[in-house]
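Just one chain is shown here, as structure tokens, and it is the form predicted alone.
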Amino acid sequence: MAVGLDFGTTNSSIALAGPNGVQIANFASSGGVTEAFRSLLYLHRIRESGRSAIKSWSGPAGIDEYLNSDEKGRLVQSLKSFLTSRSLQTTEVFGRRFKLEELIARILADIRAGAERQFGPTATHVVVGRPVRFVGAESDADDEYALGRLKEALLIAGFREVRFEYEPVGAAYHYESTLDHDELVMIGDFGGGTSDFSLLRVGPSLRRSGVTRQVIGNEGVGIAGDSFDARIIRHLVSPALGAGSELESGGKRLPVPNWVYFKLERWHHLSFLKSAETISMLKSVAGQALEPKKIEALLYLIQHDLGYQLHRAVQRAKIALSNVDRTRLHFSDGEAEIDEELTRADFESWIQEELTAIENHVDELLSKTGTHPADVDVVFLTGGSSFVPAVRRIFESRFGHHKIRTCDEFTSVARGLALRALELR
């Protein structure tokens, strides 16, 4: 059997290609079954036989355990975004130090176990997707460093043979499987942490000649759904939690420390705010703040580890803007409550820098491969942020609305990687 794994910043999926075509693994959750395995890890300290132990859950089981826990443990998200960081080798959870690769491996092992429950003991040889450019990478050396850490995590998780393929190329394999003619296709793959683009020639004549797909070029940038979420947090969420407000100390008015809000914008940093030093500092700030209720709401959010719930609220509002011109961002839990209007016009103005970066990388791919937009037959877009109207307009303005295609936006990469694995057997 041939297995393809798309380990994403936000969601992951795993597929099997065989005589009966491509199958996506399903995972049980409280809401039924899902093909998307949330790339998060929940750790909780428990007592076993009179001793303290740390137990972990990931994916849907991690979400359920976290939501059902009265006393919250540690919820970590977007661990893939740390792979380029040489400064983050380990982190402490409940007094024990964990390597980043070990934490990621716990997620990957649960994905593999779920696939093997459905497909049988087949998921040890795998083709794994990788971004063209990892989050935080500034050089090829950074990408290679991140790739080495990801491979180590995969081996810890029980995968014995690992091959990597660019994620947009994986999406191209899935798209190509539907064709009965040749095409020059632009792939746009938008994840939680990265946006990747590939230009390929695909089709049956290439298969007949023994050249399955011809990759013409790749480009990538560490900007995607999480970056869009961060802008919403900066402009709507953080002000409601005290950003930009003042405190009074020694007879002077001073700004509330803003570094906390920079951490709040990044899901992969949010869980690290739950430290004794940060909480003590915020309690002191709340006692001096001119708007103490806002700081107390921020404290409540951090102390109760509500990053997942906040993440869901922000994503719901962002997704709604794909279909309507305005919506409300509503988040309410205990002392933390946010209810703000969000318009598509404001959102698009906030993410203009990210949109420009995406545009530049698409144009760079066309330029360095000597490809004119008119020569591209189809643009295949996949991933959650491919639904954002401003993102789609980037491709519509260059290639035309009639060339845009989408299909299996959240599983196309895993499906294509499984087909690539089948080819490599």
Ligand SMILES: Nc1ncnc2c1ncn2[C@@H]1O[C@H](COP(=O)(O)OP(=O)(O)OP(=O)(O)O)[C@@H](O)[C@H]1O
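The model shown is predicted, which means the values in this text are computed figures rather than measured ones. Heads up: residue numbers just count along the shown sequence, starting at 1.
Although it is not shown, the form predicted in complex with this ligand is what the next lines describe.
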At 4.5 Å by heavy atoms, is each residue in L75, Q77 and Q303 next to this ligand in the predicted bound form?
no
Tell me, which of G225, G188, G220, G307 has a heavy atom within 4.5 angstroms of this ligand in the predicted bound form?
G225
Sole residue of T90, S85, S322, S349 within 4.5 Å of this ligand in the predicted bound form, by heavy atom:
S322
Using the partner position in the predicted bound form, report whether G242 sits within 4.5 Å of this ligand, counting heavy atoms only.
no
Examine P60 and determine whether its closest non-hydrogen atom to this ligand in the predicted bound form is within 4.5 angstroms.
no
Is there a heavy atom of K318 no more than 4.5 Å from a heavy atom of this ligand in the predicted bound form?
yes
Given that this ligand is not shown alongside this chain, does L381 nevertheless sit within 4.5 Å of it in the predicted bound form, heavy atom to heavy atom?
no
With the partner removed from view, which of 142 to 150, 256 to 264, 191 to 199, 269 to 277 is the stretch that lies within 4.5 Å of this ligand in the predicted bound form, judged by heavy atom distances?
191 to 199
Neighbours of this ligand in the predicted bound form among 379 to 403 [non-hydrogen atom within 4.5 angstroms]:
G383, G384, S385, F387, V388
